[in-house]
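One chain follows as structure tokens, the form predicted on its own.
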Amino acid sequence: MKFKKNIATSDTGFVFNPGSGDSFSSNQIGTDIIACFKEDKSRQEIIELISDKYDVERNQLEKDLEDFLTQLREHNLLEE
């Protein structure tokens, strides 16, 4: 999973789409997921990293990750 090339992201979870002018902010877990995208980690690696770092049930994490990815897709931010 990767952001499209023109999408700007920051280490604080800020995402900017210069094509549309839309900007977004994420919470800490979202920020960690964005960092994983920058490192070209797989979905499984992201799940492992987040579940090790935060006290969250794996099933809930998988659902939340899919919801986050859906939102990113809806805003046309991901390459797929």
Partner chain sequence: MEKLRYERPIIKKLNTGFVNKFGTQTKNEVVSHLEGASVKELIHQYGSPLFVISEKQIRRNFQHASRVFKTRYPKVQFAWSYKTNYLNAVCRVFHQEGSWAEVVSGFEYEKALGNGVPGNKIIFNGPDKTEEQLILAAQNNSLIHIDHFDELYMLIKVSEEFSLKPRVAIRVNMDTGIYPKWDRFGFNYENGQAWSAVTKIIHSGLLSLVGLHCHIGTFMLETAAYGIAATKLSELAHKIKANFGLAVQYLDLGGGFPSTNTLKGSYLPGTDTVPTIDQFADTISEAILGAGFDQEELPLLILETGRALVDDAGFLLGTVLANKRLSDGRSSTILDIGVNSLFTAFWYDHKVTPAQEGGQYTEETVLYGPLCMNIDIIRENISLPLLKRGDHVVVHKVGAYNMTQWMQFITLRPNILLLDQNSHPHVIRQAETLNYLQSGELVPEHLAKSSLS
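Rigid core here is just the name for the largest C-alpha set that superposes within 1.5 Å across the two forms. Positions refer to the first chain, counted from 1. Bear in mind that the values here come from a model prediction, so they are computed numbers and not experimental data.
There is also a form predicted together with the partner chain; it is not shown, and the following applies to it.
- Taking non-hydrogen atoms only, Lys2 never approaches the partner chain to within 4.5 angstroms in the predicted bound form.
- Looking at Asn27, you'd find a heavy atom of it within 4.5 angstroms of the partner chain in the predicted bound form.
- In the predicted bound form, none of the heavy atoms of Ile46 sits within 4.5 Å of a heavy atom of the partner chain.
- In the predicted bound form, at least one heavy atom of Glu74 sits within 4.5 Å of a heavy atom of the partner chain.
- Contact annotation for 22-56: residues with any non-hydrogen atom within 4.5 angstroms of the partner chain in the predicted bound form are Asp22, Ser23, Phe24, Ser25, Ser26, Asn27, Ile29, Gly30, Ile33, Ile34, Ser51, Asp52, Lys53, Tyr54, Asp55, Val56, listed in sequence order.
- A movement of the C-alpha atom of Gln71 falling short of 2 angstroms is seen between the shown form and the other one when the two forms are aligned on their rigid core.
- Annotation for Glu57: C-alpha shift under 2 angstroms between the shown form and the other one, rigid core superposed.
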